[in-house]
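Read on for two forms of one protein chain; each stands alone as C-alpha cells, with the labels structure 1 and structure 2.
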Structure 1
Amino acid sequence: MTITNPTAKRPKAARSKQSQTTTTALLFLAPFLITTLIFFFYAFARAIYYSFTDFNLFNTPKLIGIKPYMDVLADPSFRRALANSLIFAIVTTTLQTVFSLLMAVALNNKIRGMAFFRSAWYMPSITSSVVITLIFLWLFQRRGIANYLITQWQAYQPLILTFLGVLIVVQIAQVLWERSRKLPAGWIDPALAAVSALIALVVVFILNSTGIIGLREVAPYDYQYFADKWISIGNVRVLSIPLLVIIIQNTFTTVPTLMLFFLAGLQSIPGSLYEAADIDGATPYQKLMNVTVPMLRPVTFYVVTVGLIGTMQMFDQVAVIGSAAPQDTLITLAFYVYTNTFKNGAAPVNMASAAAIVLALIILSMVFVQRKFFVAPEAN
C-alpha cells in the first residue's frame, strides 16, 4: 500500500477512503479468493511440488528432480494418451467449429417456427456427458441402431442412388431450359430442385413397382466399434475407432451451444454489408467466405479457445465407457492422471502430477499461441 501508491500524496481523507474501499472490496471477494487460494493455487503449487518428488499418497514426499517427468515421457500409455488427446482436441474442435458455423448460417433465417428448432437442436447440449455417452454406447453396439441404419442404407442404396441420379439429370435439364428462356436460374435453383425431386421420386416409385430396381438383400452390418481398431497412416496408429465414436458424440453435443454463439455473432453483422455484396453480384458462397467468416472472427476465436480447453480435458466419456473398450484406444491425458492417482497400492502420484502439469502447459500454450497469432487486430 505505502510503497508507490499515488494515494500517499493525496490528502488524508481521500487516502482513508481508498483504504476503506480496498477493505470492502477484499471483504466482498473474500469467499471467492480464499477458496480459490486453497483449492486452486495451493493445489496447483502442490501438484508442481509433487511432480518433482517420489510421492505415492502414503509416503513422505522427497524431492527427486525431474525423474517423474522422464518416467512419464517414457511411459507408453502416457504417449498414447498424449497422442489421443491431441488428435481428439484438434479433430473435434475443427469439426464442431465448422458445423456450428454452418448450422448458425442455416438457422439465421427469419422463418416461422425458428424458436422451436432452436430449442430442439439445443437438447444434446443440456444433458450430461454421462447420459449421452451411455446412449451412444447403446447406439453403437454390434447390433445397435447405428449399424441398423447402415444396413438400411445398404439395402436402399439402389433406390437412393437412382433418386439422386434422376434428380441431378432433371435439374440440369430444367436449368438449361430456363436459361434458354433468358431466366437467371442458378444450378441449385430451389424451385426447380423441388420439381426435380418430385420427378425423381415418381421415377423411383415406378421403377420400383415395375421391379426394375429394388431393395438389395444385405446381411446385417456387424461392425464392432468399441474394439481395438485403428485408422493408421503407414505404421503409425493415428485414431482409434472408439475415439472416433467419441469425436462424433462430442461434436453432436457441443455443436448446438457453439451454434448459439455464432448465431449471436451473425445477428450483430450489419445487413448493409450483405446488401453491398448483393450489389456486387456475390454468390452465397462468396458472401459466406468474404463477409460472414471475417466478421465472425472474434466469435470464432472464442469458440476455438473454449473448444480446445474443453476437448483437451476430455475425461467423462472415457471413464464412463471404462472397460467396454480397450484402454489404449481411449486413454486421454486427463484419464491418465486419474488412473495413476487412484491405482491400487502405491499409486505413482508423482507421475500423475507430472502428467497433469504437462496437460496444463499444453492447454496454456495452445491458448497463448492462438491469442498471439490468430486474433484479428480489429478484434482487440
Structure 2
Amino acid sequence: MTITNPTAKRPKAARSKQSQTTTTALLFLAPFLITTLIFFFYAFARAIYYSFTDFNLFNTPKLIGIKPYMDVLADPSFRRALANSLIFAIVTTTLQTVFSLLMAVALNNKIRGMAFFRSAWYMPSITSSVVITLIFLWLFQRRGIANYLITQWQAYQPLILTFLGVLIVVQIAQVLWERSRKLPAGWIDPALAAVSALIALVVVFILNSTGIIGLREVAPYDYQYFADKWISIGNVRVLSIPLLVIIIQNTFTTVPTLMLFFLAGLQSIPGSLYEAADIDGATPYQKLMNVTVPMLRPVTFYVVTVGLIGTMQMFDQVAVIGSAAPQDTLITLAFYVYTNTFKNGAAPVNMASAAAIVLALIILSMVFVQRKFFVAPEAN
C-alpha cells in the first residue's frame, strides 16, 4: 500500500497559481507596457541615435559624432532657451513650493466651511492650461485688467494711503491703551483691528467729503507686458517680463495641486509634536520651521521633483502665446526642440535630438542634486 504525502504537491500548485497571477497581471499591464516601450524607450533610443547623425527628416541618417551637440551649444537660441528654462524652473518651483506649503498649513485647520475653501482653491488646477494662458494673455494686454487695476490704484492712492495710515495709528493707540490697563492685546488683534478699520473709514469719508483729499487725475497706465523688456543684473538680461507673466500664471495653476500633497503629509504628522511645541512656548513660525518643515522633507522632495520636471519641460504656454511676444523672451528648451523638429523645409532633427538629450540630462542632474537636501536621512 502506497501512502501519498498530501503536502508534496503544494509547492507545485502554489507555483502554478503564482504563474497564473503573474500572467494575468501582465495581460492587464500590456497596453501600458507596450505604449511605454514604443513611445518612451524606443523614442528615447532613436533620439540618442539621431543626436549623433546628420538627420533632417528627409535624408538617410549618417553618423557624424558629437557635431550636433557642438552646433547646439554654439546656437545663441539654445543658450537663451537654456537660460530661460533654468530661471523659469528655479523661480517657479521655489514659489509654488513655498505657497503650496503655506496654503496647506492654512487649510489644514479644522474650521467650518474648510471643505469649500479646499475645493475652491483646487479649481484652477483642473482648468485647461491653454484656457488659463489665453486668460492671462488677455489680462496683461495694454488695455487689460492688470493695467486697469494699476490705473485705479494710482487714482485712489490718496484715499488708500490715508486709510492705511489712520488704521495703523489707531491700532497702535488701541493696543497701547489696552496694555496700559494690564490687558493682553496683540498688534493684530482682530477685534481691535475691526474698530480701527471702522474709524479709518469714517476719517477717510469725512476728509473726502470736505475736499481735503480726493481722487487723483491720472492717465491710463500703459505698459506692454509682452514686449522685449527684461529684468537685468548689470548688463546681463536675467528674466524677461513675458516670462515673468508665465511664472505668475504657472504658480497660480500649480499651487493647488501641490497643496494636496502637503495637505496629505500634514495629516500624517503626530499631533503630540505640536502639543509638545505648545508646552515649550513655540510660536507658530517656530512650529512651522522646527516641526512641520522637517517632518515634510519626503513630501517636499516629491513636490520639488515634480515641479522641476514640469517647469523644465514647459511648452504649452509659450506655444499659445506664440508671436504675441518676441521669441527670445519666452523660448524654452522644450520649445527649442519643437521648433527645430518642425521647421519649414529641412529641419535639423539632429540638433533637436541633441537638445532633448541635454534637457533630459539637466533634469536628471537637478533631481539628483536636490535629493541630497530634501529626502529624510532614513530614505537615502
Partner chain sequence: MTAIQAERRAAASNHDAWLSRRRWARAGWLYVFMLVMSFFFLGPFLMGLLSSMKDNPNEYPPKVIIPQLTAQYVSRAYNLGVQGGNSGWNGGLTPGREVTFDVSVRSPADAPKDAPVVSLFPYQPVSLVAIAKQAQAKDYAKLSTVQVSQSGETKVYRTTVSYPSLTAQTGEVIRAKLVTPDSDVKAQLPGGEIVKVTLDTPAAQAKQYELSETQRVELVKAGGNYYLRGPLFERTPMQVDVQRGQSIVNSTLPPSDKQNFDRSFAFRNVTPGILGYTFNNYRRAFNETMDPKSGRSLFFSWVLNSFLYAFLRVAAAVVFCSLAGYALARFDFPGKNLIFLGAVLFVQMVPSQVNLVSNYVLLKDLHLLNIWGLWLNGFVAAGGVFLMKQFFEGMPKELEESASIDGAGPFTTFWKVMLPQAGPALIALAITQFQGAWNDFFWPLVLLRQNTDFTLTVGLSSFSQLYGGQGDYGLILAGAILSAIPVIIVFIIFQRYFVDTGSDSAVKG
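If you're wondering where the values come from, they're calculated on a predicted model, not measured in any experiment. Residue positions are counted from 1 along structure 1's sequence. Under this definition, the rigid core comprises the largest set of C-alpha atoms superposing within 1.5 Å between the forms.
Matching each structure to its source, the form predicted in complex with the partner chain turns out to be structure 1. Once you line up the core between structures 1 and 2, the Cα of T292 ends up 2 Å or more from where it was. Taking 2 Å as the criterion, T283 counts as shifted between structures 1 and 2: its C-alpha moves by at least this amount when the rigid core is aligned.
Relative to the superposed rigid core, the position of the CA of M70 differs between structures 1 and 2 by less than 2 Å. Taking the core as reference, the C-alpha deviation of A30 between structures 1 and 2 is 2.4 Å. Superposing the rigid core and comparing between structures 1 and 2 gives a CA shift of 4.9 Å at T21.
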